[in-house]
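The chain below stands alone and is given as structure tokens, in the form predicted on its own.
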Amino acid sequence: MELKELTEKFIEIYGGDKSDIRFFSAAGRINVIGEHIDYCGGPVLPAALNLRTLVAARKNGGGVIRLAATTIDKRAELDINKLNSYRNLEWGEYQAGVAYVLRNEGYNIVGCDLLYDTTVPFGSGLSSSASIEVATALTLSTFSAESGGKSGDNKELAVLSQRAENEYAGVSCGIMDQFASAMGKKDCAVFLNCATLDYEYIPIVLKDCAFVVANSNKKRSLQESKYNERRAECETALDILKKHIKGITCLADVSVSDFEKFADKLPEVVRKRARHVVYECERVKKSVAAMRGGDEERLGKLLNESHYSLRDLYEVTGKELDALTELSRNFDGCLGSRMTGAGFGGCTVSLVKKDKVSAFIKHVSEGYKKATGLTAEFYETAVEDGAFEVALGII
């Protein structure tokens, strides 16, 4: 929705005029590679997308935060003094969680009216929840600073947004999604060490190829998936390996050689999960080297290896994502394809020759419909900056 339309909708809902309305934006994200290893302290390679959450916001001078959205017919009203009371909202739980965590960290949460316009498809694996959390955090932090209270930079707001999802919404996600949403940089992937939060921007320079994102339209909810179960399995693996490998603090600390030396100490299912984590960490590092060296063929092979591992070892793909990636890999002109996000539905990312993108979409779309009965959606995405207050005329 354009700013003019969003402004008109805001006034329709909340009244007043446009003079005091502000706009805050946070990105959805695509993860090039490095799946299900952020909560294991691993390195990841996400990028912020032009699919994003835009919030129109205005202080209301009261003790409530009022929430509305353009894409769904849901509203909520949060009493600032009762922010712990909204954990089971049908819609608005993420925003309430962010406000709750920020207040507990010393931010001055002021009453405001917020209207959300989200172009990140929900349940797609492109982090709609993180974009909502980070956009909310940036809005509330800005208003806190202007009222004489605490303010945080984007890195801190990413950490607090992750805490809101962990502690308030009950999803044991890692830091990757919120970090990419807040800290992404135009035309760059973020090479992030999830254990230390050290990061480096890696320019995305693809000579002959482009990333194509496909939505399986198989919806999933992290709360209803086996996401938290996988995290628990990784923690079990770490507890066991700590008895045999000195100095490790997270599963990502385990080298390939050490893992193979002690893999037989792990129960079969736990061993499979840990094997994915250890080797996926290596694939991320190799992918960074491939991107720096312009080796698109190598990058494509690593994407394929990542998906096979997520399918066979981590078991988070499902028939829809497997069908999408198989159809993609079978297309002449696709160098590699993998699921992106938590899995169990959502999106894939494929590395495709630029001059064959249209034919690729036609091939995969027709084959996927025939194989699953579902209609895939394809997105023309661009890598953009993460979170920021919007100056009029930018969006």
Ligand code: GLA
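This is a predicted model, so every value here is computed, not measured. Each residue number is its position in the shown sequence, starting from 1.
Quick note: we don't show the form predicted in complex with the ligand, though the next part is all about it.
Put simply, Gly123 is far from the ligand in the predicted bound form: not one heavy atom of it is within 4.5 Å. The ligand is not drawn, but in the predicted bound form it has a heavy atom within 4.5 Å of Gly341. A residue is said to contact a partner when one of its heavy atoms sits within 4.5 Å of a partner heavy atom; Gly28 fails this definition for the ligand in the predicted bound form, lying far away. Mapping the unseen interface onto this chain, Gly300 falls outside it, with no heavy atom inside 4.5 Å of the ligand in the predicted bound form. The contact with the ligand in the predicted bound form, taken as any heavy atom within 4.5 Å, belongs to Cys173 out of Cys173, Ala76, Val159, Ala96.
Proximity to the ligand in the predicted bound form, defined as a heavy atom within 4.5 Å, singles out one entry of Phe259, Tyr168, Tyr227, Tyr107, which is Tyr227. Of the candidate stretches 32-40, 347-355, 60-68, 363-371, only 32-40 has residues with heavy atoms within 4.5 Å of the ligand in the predicted bound form.
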